[in-house]
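First, one chain by itself in C-alpha cells, the form predicted on its own.
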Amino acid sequence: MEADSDIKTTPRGFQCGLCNVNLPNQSSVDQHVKGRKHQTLRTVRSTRKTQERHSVFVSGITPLVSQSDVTEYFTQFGPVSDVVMDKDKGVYAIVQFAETESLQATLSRVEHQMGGLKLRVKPREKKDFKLIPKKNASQNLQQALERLKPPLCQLVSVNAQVQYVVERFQLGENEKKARGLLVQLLQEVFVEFFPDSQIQPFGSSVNTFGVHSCDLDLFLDLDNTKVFQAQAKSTAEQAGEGTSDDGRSEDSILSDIDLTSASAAEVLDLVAAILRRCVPSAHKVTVVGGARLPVVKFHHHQLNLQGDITINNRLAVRNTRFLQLCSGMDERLRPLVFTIRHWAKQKQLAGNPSGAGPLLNNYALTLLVVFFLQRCEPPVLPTVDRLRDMACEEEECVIDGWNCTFPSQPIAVPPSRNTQDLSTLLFGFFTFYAKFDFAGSVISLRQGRALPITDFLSQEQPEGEKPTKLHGPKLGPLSLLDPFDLSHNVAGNLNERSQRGFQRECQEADKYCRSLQYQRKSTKGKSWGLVRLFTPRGDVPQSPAEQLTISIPFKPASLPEALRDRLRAAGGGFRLPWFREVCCAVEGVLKGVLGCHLAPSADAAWGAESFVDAETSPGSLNASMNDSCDSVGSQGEGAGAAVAGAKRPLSSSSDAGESPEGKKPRLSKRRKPEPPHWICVQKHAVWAGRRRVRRELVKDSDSRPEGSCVALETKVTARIAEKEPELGGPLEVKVQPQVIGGTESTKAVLTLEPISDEAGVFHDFFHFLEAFLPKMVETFLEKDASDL
C-alpha cells in the first residue's frame, strides 16, 4: 500500500514523510492516513507523476513562437493535453501528451524543426514530490513588527504613530501611476475585442485605502458593447448580409459570441484567453467560476501585481465611490483604517493572501470602522440613509434594484462636530467592539445601528439559493450588512472561532489602551503606544477542558419555520427557547439514536422535573433558565447558563418561625449547587465500524449523508449492538450542557467528563460525538416530530 511507504517509525512514534508531520501512535497514523490532507497530497503526487511520464522538455524556441504554434506542431505525434511556456524569456516549453505512445513517437524522431527553428526535445526531468512548507506566519509578523518598532518608538504621541502607519503602508505615487498605466493598457487591449467596453478599477487601489502590493480589482463593463453588438446585427440584417459593414465587428471577438445570451463563464473564458495571448507579462491566468462573483485572476510579472477582472460587479464600483466619499468627509477615517487593518493582520484576524477562508477581509474591516464612527457621540460619519437624503436629484443611483444614492462630493456633507483625536478614537473602536453583542445583532450602516437578529430569522434565504431582495442576508457569528446590497453579509465567511478571536483581541486591546504604556512615550526607550498593540498574538495551547467540549452553533438557516417564528417572537430572549429545543434534541440523540442510558445527576439541583422524558423537558428547561441564567436573557452578558430544574419554592410560614438552633445545620450545609448535568451510560462501541454498517443498510440505492436520518442512524446503532460484544465495562460520562450568548456567538456547549472508563474508550466516544452530535441535533431541529 502506497500510504504505508510514507509512514516511517521514529524513536518517538511515527512520521509521515509526505505531509511532514509527526504522529504519536498507531491510532493517530490510521486517522491521518484517512484524512483529507494526506489523501489530497497523494492525489496531487500521483497527478504530477503522470504528467512527468507524459511530458517532454522543448528548447530552442524564441519569444515570437506562440503556445498555439507549439501545440499545432506536436499534435502530429498525438493529442496534446497542455503546453506550458516560459513567457518571459521565451526559450523553452513543456508539452504534455494525453497518451504514452505520443511521447514515444516524439522522442523517437531524431530531429525536430518548426518554422525554421531547430528544436531540442528530451524527456521531462523527473523530480521527487515534496510538500513545500508554508512560510512561518508568526515569524513574518514578528519581522514586520521589528521593522516598525524603531521609528514608532521615537515618535512623541500615538497620534503621530498612527499617521506614520499611513505614510509607511499607503500606495506611493509611482505605484498609482504604474497601476494607471496597466489599466490603460488593458483598456486598449479589450476595446479591440469588445468595442466600446470600459475597464473600471475598484477596491483598495482607488478607494484611498490601498497599501503596497494590494490587488488590482477591475470591472469590465460590457453594457456599451452589447448596444454596439445589437446595432451591428440590426445593420447587417437591413443590408441583408451576415456581418455589419463596420470593420470593428469583423475584427472583434463579437463574431464568435452573443453577449446577450452568453453565460458569465463563457465571457470570462474569453477574457482569460485575451489576457494570456495579448497582454505582455500576464501570468498565472485562471478563471475562478465557483466564487460568489466569478472572476479571472492574473499576475502581472513585471509589476509583481495580482489582479482580478469581473464582469458583473457594478455594485463594487459604487461601494468604492462610497468609501472615497467617507474618506473625504473626515480625514481621521484613513489613519484609523490603516492602523486597524495592520493590527488585525498582526493578530492573524485578517490578511489571508488567498482572499478565502474564515478571516476578515479588508472591506469588512473598513465597514466596521465606518460603523463605529457612525455610533460615536457626536457621530463622526453620517448614516447611509442620511447621505441619501443629502443627495440631489441628479445623483440618484439604483443598481440591481438597490438604492445606492449619495452625494458625489464631500463638500455636500456638513462637517462632524466630533473633535476626538486619533488616539481616543482608536481606543474607542476597541472598547465598542469588546462589548458588542455580535450574537444578537446585525450591523446596518444604512441605518447606523445594530438591528436585532430576530428581525431576520424569517427572511434568511434557504441554503443553496442565491441571495435576493426577497430574502435576508446569510446570518453568521458576525453579521455585517453591505451598505447597499442588504442581502449580502460581507463577513459571512467568518466562523465562530474567527469572531471570538476578533472580539477577544478587541478586549485585550481595550484593556491595554487604558494603561500608561499606550498613552505615554516611555522615558526609558521601551516599547509603547502602537508597538505593544501590534505585537503578534502567540499560539495559545488548548486546555484539556476545551478539548473535551462539543459546540452546537445557532444556525438560523437550518431551523424549521415554526421555530423561527417562535424565536422571532421571543425577541432578545431567543436564546432560551432555542437552547430548550437543543437540549431536547441532544437527549433524543444520546438516548434514542445511540441507545445510551440517561439519568439526571443525583446531587445537582434538578428540582421536581427531569429530562428523562422529552415531553416534560421544555417546562423543566424553561424554569431552569429563569432560575439559573437570567443573564443570558439580557444580551449584555456572555456568561454560560447551565441547565437546571424548577425554581425552588419560597420558604413557608412554618419555616419562618423555626428556631435559630434549627436553622444552623441548614446554614452550615449551604453551598453553591453543582451545575445540573446528565449521567450518560454506554455499554457498546456504537462508533466502531459505523460507516460500514450504514453502507450495508443503505445498499447504495438510498444513499444519505451521515446524520441526516434519525431512523437510519437508530438502525445502525441497533445493528452494532446486536453483532458486537459489549465493552469491557460500561462507559459512564458526565454531560453538562450550557448556552453561551451575549457578546459571544450563540451556541450550546456540552462539556464531557469521564466518570467510569474501564475499557479506555472515552476519547474514542468523544471524538465520535464531536462530529456526529451537531449533525444529528440539526436533523432533529429541522424535522417535525412526525417525520422523526
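Source: prediction; values computed, not measured. In case it trips you up, residue 1 is the first one in the sequence shown, and so on.
Beyond the structure shown, there is the form predicted together with uridine 5'-triphosphate, which is absent from this document and is the topic of what follows.
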| query | finding |
| --- | --- |
| Stretch in contact in the predicted bound form with uridine 5'-triphosphate, which is absent here, among 142-150, 426-434, 207-215, 271-279 (heavy atoms within 4.5 Å) | 207-215 |
| Triple contact flag 452, 574 and 747 to uridine 5'-triphosphate in the predicted bound form, non-hydrogen atom at 4.5 angstroms | no |
| Exercise: residue 479 in contact with uridine 5'-triphosphate in the predicted bound form, heavy atom 4.5 Å | no |
| Uridine 5'-triphosphate contact at residue 202 in the predicted bound form, heavy atom, 4.5 Å | yes |
| Contact flag, residue 77 vs uridine 5'-triphosphate in the predicted bound form, heavy atom cut 4.5 Å | no |
| Non-hydrogen atom contact residue 691 with uridine 5'-triphosphate in the predicted bound form at 4.5 angstroms | no |
| Heavy atom within 4.5 Å of uridine 5'-triphosphate in the predicted bound form - the one residue of 374, 361, 499, 405 that qualifies | 361 |
| Contact residue in the predicted bound form, from 383, 320, 717, 197 (heavy atom within 4.5 Å of uridine 5'-triphosphate) | 320 |
| Partner contacts in the predicted bound form for 275-306 (non-hydrogen atom within 4.5 angstroms of uridine 5'-triphosphate) | 292 |
